[in-house]
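Okay, here we've got a single chain as structure tokens, the form predicted on its own, with questions on binding and movement later.
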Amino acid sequence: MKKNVLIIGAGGVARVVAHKCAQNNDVLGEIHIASRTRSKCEEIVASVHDMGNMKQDGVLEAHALDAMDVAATVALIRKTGCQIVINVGTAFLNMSVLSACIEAGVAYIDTAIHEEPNKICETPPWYGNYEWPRKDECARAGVTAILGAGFDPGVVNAFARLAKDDYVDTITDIDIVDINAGNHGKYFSTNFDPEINFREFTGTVYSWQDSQWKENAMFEVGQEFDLPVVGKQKAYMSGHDEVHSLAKNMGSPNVRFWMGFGDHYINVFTVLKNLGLLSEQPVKTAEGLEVVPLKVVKAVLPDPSSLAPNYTGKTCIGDFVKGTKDGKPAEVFIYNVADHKEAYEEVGSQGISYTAGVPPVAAAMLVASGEWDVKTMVNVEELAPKPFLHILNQIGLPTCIRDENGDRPLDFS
């Protein structure tokens, strides 16, 4: 068994991870949280204690760390005795933290694909640009590296694998739909790091269709979905991490990702983009200062973690999987519904952070028990889905199924 967790990052998702690790410290052992700003980590530690979320007495400590510094990260891993690292810092850190985990010989879990600050929407498949070339390195070191273990990517990958295992013999279509039907009350804000959020939507939309990569522009292709709880919602085909691994691993000729957007978000986004304010390339001001427009926009928007107290409504995220079962057409929708207010009451975060932060803790628990300690690099769909979904059901993110037999919770009996 592996014990002791190092959480890298101190944003909204890291807060959820810390609370959930604390709630399960009988399995995970000591909990450490590190970022460049130690005071942010200390605030998270205090919030865990204030909300009474430590399951049993134990270590919960804050540390200062520049996670781009591989040697410093290795030193902290060794100093704390952590055997599992959950990386929920910016996506720019992934390769540095993975390098530290390989050197230290500890398990690595992240929730999003690696990105380079000066590049957007690189050549697909995206995992092939940075992560997958290091799989042999992980295997030689006997290091478990679980990529994209948030909700999307992450839980939706497990949904696709579950559909293939139990509901559809041959898959023809995987359509992942992410709808946030909540309201944060601000004029405009993103639900997680604005820099990463906007980068998802300013480049080419890559989808896997007819067993090849297809390119579209953002907001070019829209569709209405009728979903449980949140009802009819408009969503747009978007580029997203999980499309790139599912296209490789699931054998489906069609894999698409759809995200819900309101007209107001689209209008503001379009103005910002057309003005050049979402560019990742530096520009010079009249005063001779060099600035990155996207970072300026990030600086003036609300911190996503500040949205939590007044957030209302629900999210619905799931997979429509089509194909054949026993030679007949089959379709299943596997999904989760989360509530913003309930997330805030439990861990002090809004629902988007909650859905992203709970799954890597479930993954860490499976690594700790040995069930997912595979000692190589994997995406979530390459692992047994039911143990993962079963833990998520127990710790806050239950799975439901809708098919020809009705709408019901996933049965773990």
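Residue indices: 1-based, along the sequence shown. Nothing here was measured: the structure is a model prediction, and the numbers come from that model.
Below, we refer to the form predicted together with a further copy of the same chain, which is not included among the displayed structures.
Peer 1: Is it true that A384, N393 and P409, all three, sit within 4.5 Å of a further copy of the same chain in the predicted bound form, judged by heavy atoms?
Peer 2: No, the whole trio is out of contact, none within 4.5 Å by any heavy atom.
Peer 1: I'd like to know if P228 sits close to a further copy of the same chain in the predicted bound form, meaning any non-hydrogen atom pair within 4.5 angstroms.
Peer 2: Heavy-atom contact with a further copy of the same chain at 4.5 Å: absent for P228.
Peer 1: Can you check whether K295 is within 4.5 Å of a further copy of the same chain in the predicted bound form, heavy atom basis?
Peer 2: Result yes; K295 sits at the interface with a further copy of the same chain in the predicted bound form.
Peer 1: State yes or no: in the predicted bound form, is some non-hydrogen atom of D326 no more than 4.5 angstroms from a non-hydrogen atom of a further copy of the same chain?
Peer 2: Answer no; every heavy atom of D326 is more than 4.5 Å from a further copy of the same chain in the predicted bound form.
Peer 1: Is there any non-hydrogen atom of V271 lying within 4.5 Å of a further copy of the same chain in the predicted bound form?
Peer 2: Yes, V271 lies within 4.5 Å of a further copy of the same chain in the predicted bound form.
Peer 1: Using a 4.5 Å heavy atom cut-off, which of 128 to 136, 273 to 281, 170 to 178, 329 to 337 contacts a further copy of the same chain in the predicted bound form?
Peer 2: Only one stretch qualifies here: 273 to 281.
Peer 1: Note which of Q212, T123, N118, T285 lies within 4.5 Å of a further copy of the same chain in the predicted bound form, where distance is taken over heavy atoms; exactly one does.
Peer 2: Here the answer is residue option T285.
Peer 1: Consider the chain as shown here, without its partner, and state which of V221, M95, L301, A72 has a heavy atom within 4.5 Å of a further copy of the same chain in the predicted bound form.
Peer 2: Looking at the other structure, the residue within range turns out to be L301.
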